[in-house]
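Encoded as structure tokens, the following chain is the form predicted on its own, with no partner shown.
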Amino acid sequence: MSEIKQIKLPLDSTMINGLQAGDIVHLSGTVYTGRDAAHKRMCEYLANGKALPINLQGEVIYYAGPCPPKPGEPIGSVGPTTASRMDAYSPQLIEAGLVAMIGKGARNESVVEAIKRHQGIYFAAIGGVAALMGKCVKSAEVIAFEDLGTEAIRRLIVENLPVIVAIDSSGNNLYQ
């Protein structure tokens, strides 16, 4: 078993380029949630020359639609969504500065090429352990697209969020 790498967010190019497909990582810092509807809307904003509600430069998006929190907790269960649902939008958002994505499952070739071209990274989260992932969230707030409900964009502060490097900045891909 490989050593667990502790990563403090935000990511920089040195950290990204130092990670390889198969590395086990614990992320601590700020990540944003966003799923299909939020991605579609952000791409529409870009196409229409509107400013995005978050600055994507150097940021991480976790493909998740969290459950409501229990009283006294910042968030409920927060498991990964199938990443291929965002494949139509990811290259454009990577072009806009997004450096890392967290989801589950394989990505299409256009996403892999965008990751390589812009030195990004794709982390796989473990499906089926949404309650455990929720325990890694120390604070959560909706910051954009509140009308999308669970698909709104949220800012999460996470501590030791467990992920695996699925596609590294060189395009090495655990799914192939």
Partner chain sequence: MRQIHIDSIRQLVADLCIEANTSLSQDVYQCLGSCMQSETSSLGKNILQTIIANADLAKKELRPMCQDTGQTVIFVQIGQDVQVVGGLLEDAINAGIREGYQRGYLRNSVVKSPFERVNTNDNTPGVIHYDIIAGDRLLITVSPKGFGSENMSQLKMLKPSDGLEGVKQFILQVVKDAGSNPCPPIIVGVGIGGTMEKAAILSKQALLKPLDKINEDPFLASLEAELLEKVNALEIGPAGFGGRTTALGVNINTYPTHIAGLPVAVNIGCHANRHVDGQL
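Since we're looking at a predicted model, the values are computed, not measured. Numbering follows the first chain given and starts at 1.
The same protein has a further form, the form predicted together with its partner chain, not shown here; the description that follows concerns it.
**Q** Just to confirm, with a 4.5 Å cut-off on non-hydrogen atoms, which of Gly58, Gly29, Pro53, Gly127 contacts its partner chain in the predicted bound form?
**A** When its partner chain is considered in the predicted bound form, the option within 4.5 Å is Gly127.
**Q** With its partner chain left out here, work out from 45 to 53, 111 to 119, 65 to 73, 137 to 145 which stretch has heavy atoms within 4.5 Å of it in the predicted bound form.
**A** Residues of 65 to 73 come within 4.5 Å of the partner.
**Q** Does Met15 reach its partner chain in the predicted bound form, with heavy atoms at most 4.5 Å apart?
**A** Answer no; every heavy atom of Met15 is more than 4.5 Å from its partner chain in the predicted bound form.
**Q** In the predicted bound form, does Ser84 come within 4.5 Å of its partner chain, counting heavy atoms only?
**A** Ser84: contacts its partner chain in the predicted bound form.
**Q** Can you work out whether Ile102 and its partner chain are in contact in the predicted bound form, taking contact to mean some heavy atom pair no more than 4.5 Å apart?
**A** Contact with its partner chain, no.
**Q** Since only the chain is shown here, I'm wondering whether Ile94 would be in contact with its partner chain in the predicted bound form (any heavy atom pair within 4.5 Å).
**A** Ile94: no, not in contact with its partner chain in the predicted bound form.
**Q** Are there residues in 15 to 35 with a heavy atom within 4.5 Å of its partner chain in the predicted bound form, and which are they, in order?
**A** The stretch 15 to 35, when checked against its partner chain in the predicted bound form, contributes Ile24, Arg35 at the 4.5 Å heavy-atom cut-off.
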